[in-house]
Each structure stands twice: as C-alpha cells, then as structure tokens.
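Given as structure tokens, the chain that follows is alone and in the form predicted alone.
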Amino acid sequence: MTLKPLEIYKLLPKKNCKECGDPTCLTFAMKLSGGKAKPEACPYLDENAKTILGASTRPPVRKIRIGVGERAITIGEELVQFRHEKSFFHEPGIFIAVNDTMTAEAIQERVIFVRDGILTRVGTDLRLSGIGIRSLAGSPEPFARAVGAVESVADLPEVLMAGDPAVMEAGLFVCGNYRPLIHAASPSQYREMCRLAKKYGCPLALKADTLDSLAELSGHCTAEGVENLVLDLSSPSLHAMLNASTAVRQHAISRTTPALGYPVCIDTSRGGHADASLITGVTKFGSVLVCDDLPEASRKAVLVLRQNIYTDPQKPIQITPGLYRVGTPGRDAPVLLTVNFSLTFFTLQGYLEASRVPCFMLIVDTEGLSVLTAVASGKLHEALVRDAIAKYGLAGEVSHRTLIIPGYAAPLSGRIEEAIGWKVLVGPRDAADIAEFLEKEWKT
C-alpha cells in the first residue's frame, strides 16, 4: 500500500538537514508520497527505511519504453485508479496492424498512413503510435520480409506478434535494435522469449489464461532476468477484458500483487467488437492497443478520446503566448488581446476567420486561465499587457495605437490604457459578436 506523508515522515531521520534539497523532512515526506522525490535523495536513511520507502514510493505500474527516436512511446508509470484522483500520465499507444501475408506494397501503404497521418486539435498534433506486425504465415521468412517492409518506409515503434520463438527471432534480426515489443510469451515457451528479450533489450508481453497464471508467468520471467513486461489481456469477451484490466489496475495500485504491476496490452481484433475494445482500452487502463486498419471517422474519434482522457484535468491546455496573424493583416489591421487558454484562443480565432477581417491576436500568458478567471485572480493585468507588447514587437507591426481587449477584461481598461499609452477598446464578451463589433467600431 502507498504510505501517507506522516507515515513516511516517521521513517525519516528528522534532521531537517536540507541535504535532500527540501527545507524539512516533512516536506520531503510529502514529495515522496506524491512520487516527486526518491528515497535515495536522503543520505541518512537506514537500509530498512530504504526498502520500505522504495517499495511504497516507486510507481506501482512499471514504466516501459517501446521504440527509439522521437516517435518512441512511454507507457505505464501510473499512480491512480481514477483520473480525477490525480491524472493519467502516459497515453496508450495505438498500433495499426499489418501481417506477413500482405504484399510489401500494401504494408508500406498502411505504414505511411500511420507515419504521416496527423489530426490537429486545440493546438496539439494527434498521431497513431506505431505498427503491429502479425505472423499469420507461421514461418520465419515471410515474417522477416513483412518487418523489412515496415522498416523500409518508417521509423515507428513496433509490436512483433508471433507465438513461435523462431519466427520472432527472424523479425528481431531485422528490427531488434529498435526496441519493439515482443508479443507474446506464454507458459509453454517463455524461456525462449525471455532469451530473445534479453538478447535484444526489448520489452516482453505475456499471455496466459487467468490473472493468477499471468502473475505466475511474470514471476518466472523476472526470475529469467526480464523486468520490462507488458500483460496481454485480450479476450473475445468485452466484459471479460474490462473486468481483467480493471482488476489488474486495482492489484497494481494497491500493491497487493506486485507481479501484476505492469502496463496492459489489448489486441482489439479478438472477437467482433474491435471499436468497443479500442474505446474500452483507452478509457480503462490499456497501454498498448493493437487494431486492424481504422476507418477515418474511428481514427479521429479515438485520437480525440485519448487526448481528452490523458489531458491533466487540473492543468488547462495552453497556447504559446505571442503575436498571431489571422489572414494577412496590414499595418492598419486591428489588434485583439486575449489569454493563452486554448479554448479561448481557438474560439476567437474561428470567429475572426469567419469575419474575414485580417487582424492580429496578441496572446498573453495567464497560465492557461480563461479571461474571466485570469482577471479575477490577477493573472491578467496591465503590466503583463505592456510587457507583451514590447516583447513581441507589436508597435512595429501596426501604424495605429489601438488595442481591443475582451469584454470580461473591461475593469482593467483604464489601467491598461495608462500603462501602455494606447487607446483601449472594450470588445464583446462573446466571441460570436466579434464580427459585428469590428464592423461597427473598428476605424483606423
């Protein structure tokens, strides 16, 4: 079980020596409890305390990395059962499957789609994660050719899916240095799969009939020296898959079964409910989701769902502050001030584009707060506006000295005007009214 801050504090030396980087042992205990510090930072812990704190404060779900380079993904390292308790940190990888009975051209076409496909939403580029490669022919040569076809066009994380160790080794010979996920070891051949995982330094997925046998299998694999494990919970039954993934997360978070403290893999092709399995995997603790080719609508839906679930609910999505252009504004174009809360930015930008009035958007840093909240909390103030105008060179972009501020920032209009020496116009509260406002009020 995770220890509470006061329980951790009782195990500390209580010297308040500050050598850990914190002012007091209690502060250090609170950081340990939240997973923001490591026991090793305290030089005075005895071995017993290190053992207890190490087991209690390390993430209950092991962190695993699949792939290399900028498209590599990290999974696991989760701390909570429910998103509202804290946040989910590492979004699941969504892998599109090919198989070794497809032609090289068909494989490459699908891989290029995964490599280049981008959905941009609220300023974030959403992508599929990688490629799953299935062995259907059951022979090393076709599998190696399929892996080679993938490698020829993309540097993406891969899941190699072959139950025969000889077939798996043929695929690893082609791409083993790129840390694919080996899928999957079973009770009958785990020693051979563990040998391959150690040889190539790859994470290893495990497959067994029950959670008890899966926990036993993970124990065997760690005894073989393989610690980067993933648990396959694929099932023809959506109900069974949901129950198993929930149970695994509960066992991991409570630390009652450390042998189940690993990320979860789900092959959504099992059974006749691929889309439902994919959605369930995103929302209920899946970390590696392998699916056959997704229709465009399903791809967009699952990428947006994943973004929503794995966005920190306590941290607003923010836009980089700066000077943005809508259309091709000239030196007499209006300048509209707003905050860097993404929803505010994209809403205003959309209405400005619809108005067909070229203009500038001056985005100031309110730490992702909306206009109303930023005004109420003091995050939006005249000094911030003055500094932003200077920082982004606004005076050199326009010939006038007029700034339009949001309607909810009206209480600041006088102070902003005095601080910047510009004329300040108070715009509408609702961005939907901005076109009418510009038509009536904007004059250079």
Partner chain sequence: MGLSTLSEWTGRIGELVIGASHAEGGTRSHVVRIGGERDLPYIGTHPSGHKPLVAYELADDPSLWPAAATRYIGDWVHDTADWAAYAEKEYTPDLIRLHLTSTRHRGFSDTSRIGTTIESVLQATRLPLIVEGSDDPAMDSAVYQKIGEAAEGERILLGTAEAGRYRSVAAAAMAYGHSVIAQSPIDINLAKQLNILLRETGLPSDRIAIDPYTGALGYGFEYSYSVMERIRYSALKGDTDLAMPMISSATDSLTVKEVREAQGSEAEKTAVAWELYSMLPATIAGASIVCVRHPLSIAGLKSAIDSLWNGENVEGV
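Think of the rigid core as the biggest set of C-alphas that the two forms share within 1.5 Å after superposition. Positions refer to the first chain, counted from 1. Since the structure is predicted, the reported quantities are computational estimates derived from the model, not experimental observations.
Another form exists, predicted together with the partner chain; not displayed. Remarks below refer to it.
*Asks:* Could you tell me which stretch in 355-363, 142-150, 241-249, 104-112 has residues with non-hydrogen atoms within 4.5 Å of the partner chain in the predicted complex?
*Replies:* Correct option: 241-249.
*Asks:* Can you confirm whether F82, A297 and L343, the three residues that make up this candidate site, all sit within 4.5 Å of the partner chain in the predicted complex, judged by heavy atoms?
*Replies:* The answer is yes: all three residues contact the partner (heavy atom, 4.5 Å cut-off).
*Asks:* Which one, A154, A97, L323, I309, lies within 4.5 Å of the partner chain in the predicted complex by heavy atoms?
*Replies:* None of the others qualify; the residue that does is I309.
*Asks:* Please identify the residue among S254, N177, S188, T124 with any heavy atom within 4.5 Å of the partner chain in the predicted complex.
*Replies:* Checked against the cut-off, the match is S254.
*Asks:* Is it the case that L260, even though its partner is missing from this view, gets within 4.5 Å of the partner chain in the predicted complex, heavy atoms only?
*Replies:* Yes, L260 lies within 4.5 Å of the partner chain in the predicted complex.
*Asks:* Is Y351 close enough to the partner chain in the predicted complex to count, meaning some heavy atom within 4.5 Å?
*Replies:* Contact with the partner chain, yes.
*Asks:* Spell out, yes or no, whether the shortest heavy atom distance between P236 and the partner chain in the predicted complex is within 4.5 Å.
*Replies:* Judged by the heavy-atom cut-off of 4.5 Å, P236 is in contact with the partner chain in the predicted complex.
*Asks:* Wondering, does A72 line up within 4.5 Å of the partner chain in the predicted complex on heavy atoms?
*Replies:* It does not: once the partner chain is placed as it appears in the predicted complex, A72 has no heavy atom within 4.5 Å of it.
*Asks:* Residue by residue through 192-225, which ones have a non-hydrogen atom no more than 4.5 angstroms from the partner chain in the predicted complex?
*Replies:* Heavy-atom contacts within 4.5 Å come from L211, D212, A215.
*Asks:* When the two forms are laid on each other by their rigid core, does G368 show a Cα shift of 2 Å or more between this form and the one not shown?
*Replies:* Comparing the forms between this form and the one not shown, which are aligned on their rigid core, G368 does shift its C-alpha by 2 Å or more.
*Asks:* Could you check whether the CA atom of H239 moves 2 Å or more between this form and the one not shown, using the rigid core for the fit?
*Replies:* For H239, whose C-alpha is compared between this form and the one not shown after core superposition, the shift is less than 2 Å.
*Asks:* Given a superposition on the rigid core, I'd like a yes or no on whether K199 shifts its C-alpha by 2 Å or more between this form and the one not shown.
*Replies:* False for K199: its C-alpha shift is below 2 Å.
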